[in-house]
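As a starting point, one isolated chain is supplied in structure tokens, in the form predicted on its own.
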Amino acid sequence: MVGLVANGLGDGEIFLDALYDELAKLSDLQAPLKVVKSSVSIPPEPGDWSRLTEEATVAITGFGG
């Protein structure tokens, strides 16, 4: 599973969704595990971090601004 971590600014989440769509064209992927952080200056919430580390094989993070 691919984790997508957005910081909640600008179009970062839209970009990560588009990137995932392109990756899904190249490989048979499950639905992504999406996390939107509440602030750019903090890590994901503990529950989101647990889900990412337990369920995702790889995670992509993006900085929208």
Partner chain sequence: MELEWAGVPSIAIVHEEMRGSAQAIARVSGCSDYGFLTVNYPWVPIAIWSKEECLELAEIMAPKVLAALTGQA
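Source: prediction; values computed, not measured. Numbering follows the first chain given and starts at 1.
Note that the form predicted in complex with its partner chain isn't included here; everything after this is about it.
**Q** Since only the chain is shown here, I'm wondering whether E22 would be in contact with its partner chain in the model of the complex (any heavy atom pair within 4.5 Å).
**A** Flag for E22 set to yes.
**Q** Give a yes/no on whether V5 approaches its partner chain to within 4.5 Å in the model of the complex, heavy atoms considered.
**A** Yes, V5 is a contact residue.
**Q** Does the 4.5 Å heavy atom contact test between E45 and its partner chain in the model of the complex come out positive?
**A** The answer is no: E45 has no heavy atom within 4.5 Å of its partner chain.
**Q** At a 4.5 angstroms cut-off on non-hydrogen atoms, which residues of 11-30 are near its partner chain in the model of the complex? List them in order.
**A** Contacts from 11-30: D11, G12, I14, F15, A18, L19, E22, L23, L26, S27.
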